[in-house]
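Both blocks below hold the same protein chain, though in two forms, and each is given as structure tokens: structure 1 and structure 2.
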Structure 1
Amino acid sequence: MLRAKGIRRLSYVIMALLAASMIVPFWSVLVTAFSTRFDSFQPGIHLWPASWSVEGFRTLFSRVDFGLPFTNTLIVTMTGTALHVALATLGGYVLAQPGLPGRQLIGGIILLTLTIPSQVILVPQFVVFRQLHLLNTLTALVISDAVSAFSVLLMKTYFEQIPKDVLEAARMDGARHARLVWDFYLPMALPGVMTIAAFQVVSRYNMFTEPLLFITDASKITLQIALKSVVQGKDTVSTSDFIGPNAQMAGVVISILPLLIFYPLMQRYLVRGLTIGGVKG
């Protein structure tokens, strides 16, 4: 009993340290963003601003036009997520069919692709997009990572958990594949769909390498690329024009603010989706 309590307390300490390692840096970023330009240059971790100021945000908005980059990011995120969910659903549905020839082999090959780093295929993607004249288009960002093995296998796992008698009754009533997917599979696998959608929204909103590689047209850049020049301070030409850490951290806060709103709304789907989806492989 004493040993169990000791292990539990040690677990609490470790979890508290892990939480602090993530919360303290974020809090320091937030405090720096709301500090004056002079105060933000002070070294060390900032736990409270010497004086509250929105000077950094004013500087940021005067240097970056957020309208077009945010619209591009929204288009890529929403369209890409919808495409990814649709393809993962169709792929999972096909793999969940017991009569599919070579079902185990196909599933194994798809699982094997999880071992391939995404960075490895960036150069082949660039070559293909250039040949298809997709560079400097939002389409390139939408179809990049249009489907993944994780999403397909997760949907397959959900679909395999649907009661067989329900599906047999639907087939006896004359339900075709499209109706089975829309009326039975999707409603019963909604946590899995929401899990994939949530991960895709976060991934595509934070997409950085792909826009940096595939987009050079200023009218097609995304929010993360637009913020890069401000955060890195590469647009400055003089000491007086130098972007202070408060404006740089304001850019970080602006970029993650939508995700801070999104995550609490989707948390129950993320937790439920990953736990239920991992019951059966």
Structure 2
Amino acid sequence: MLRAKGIRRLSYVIMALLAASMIVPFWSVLVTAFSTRFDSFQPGIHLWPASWSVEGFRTLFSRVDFGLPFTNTLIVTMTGTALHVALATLGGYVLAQPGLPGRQLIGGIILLTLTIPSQVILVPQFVVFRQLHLLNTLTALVISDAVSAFSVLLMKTYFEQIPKDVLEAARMDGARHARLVWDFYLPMALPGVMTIAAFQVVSRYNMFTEPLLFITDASKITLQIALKSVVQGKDTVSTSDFIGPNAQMAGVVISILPLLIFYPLMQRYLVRGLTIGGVKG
């Protein structure tokens, strides 16, 4: 692009180094995860397991129940994403109506929430969830981040791109809101819906602060919390021998896997959707 040989060569070097800073750590995780417990304690540069072994995975499954946290995360991810998309669509639809009295005010209120990051109100959020008797429920995790100003504004941007005369014509024919949304708004805004949904799936799957705050009941914990105790070596079952690096990294491998399957499928939206809608909106 710059038509300068030196910079071009340097670019390859920089990108190779950068990619290596991503690939080497993840490769190293794989190597540790597939090593025996004994090998995973050996210092040195291991680019290949001394002997391939699934001991780590076996240890992990015998010590930690990943099934239940995973199921909980799945439930929260699916219902939470559906709720978020639905509410963002509703909000965006209403804000995209030009003639609605009070539209500015509603938009202003929604924008105002951007100035209040959730980490700042962690403690009062805990208090409010307790008042509403939502502590130790998966509902609490679904309700957290049920909609965001960012998503509403993104949907609004997409909805506003629909030609006005098309909508007018449909309205003249007596089409109601449900029809309008279904036939015109949603098809037009599908990339927006997919982008929001894709990012919601990622952020719900990664949800950490909320379960840390709202969940103490062992039967309601989510994947990231379970993984945290594995990674930090806090074994819940036994105290005499701690969990080895191979089992810890086996946990990391298992937790990355679902995202690595999801990422290529949704890459279009996770990458392009962001730069188109995100920066502009």
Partner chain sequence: MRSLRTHLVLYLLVAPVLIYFALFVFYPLAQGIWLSFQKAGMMGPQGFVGLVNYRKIFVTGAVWDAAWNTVAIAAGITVFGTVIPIIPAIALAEITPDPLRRALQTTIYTPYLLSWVIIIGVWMNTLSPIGIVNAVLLALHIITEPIIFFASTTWAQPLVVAQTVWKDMGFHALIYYAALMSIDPEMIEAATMDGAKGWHKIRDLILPHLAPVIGVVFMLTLQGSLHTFDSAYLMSNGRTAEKVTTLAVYAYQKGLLQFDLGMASAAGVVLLVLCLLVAVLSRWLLPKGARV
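Here the rigid core means the biggest group of C-alpha atoms that line up within 1.5 Å when the two forms are laid on top of each other. Here, a residue number simply tells you its place in the sequence of structure 1, counted from 1. Keep in mind the model is a prediction, meaning the values are calculated, not measured.
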| query | Is structure 1 or structure 2 the form predicted on its own? | reply | 1
| query | Does residue 220 move its CA by 2 angstroms or more between the two structures when the core is aligned? | reply | no
| query | Quick one: once the rigid core is lined up, does residue 62 have its C-alpha move by 2 Å or more between the two structures? | reply | no
| field | Residue shift check between the two structures, rigid core fit, residue 17 Cα at least 2 Å | value | yes
| remark: The CA shift of residue 103 between the two structures, rigid core aligned, in angstrom, is 3.6
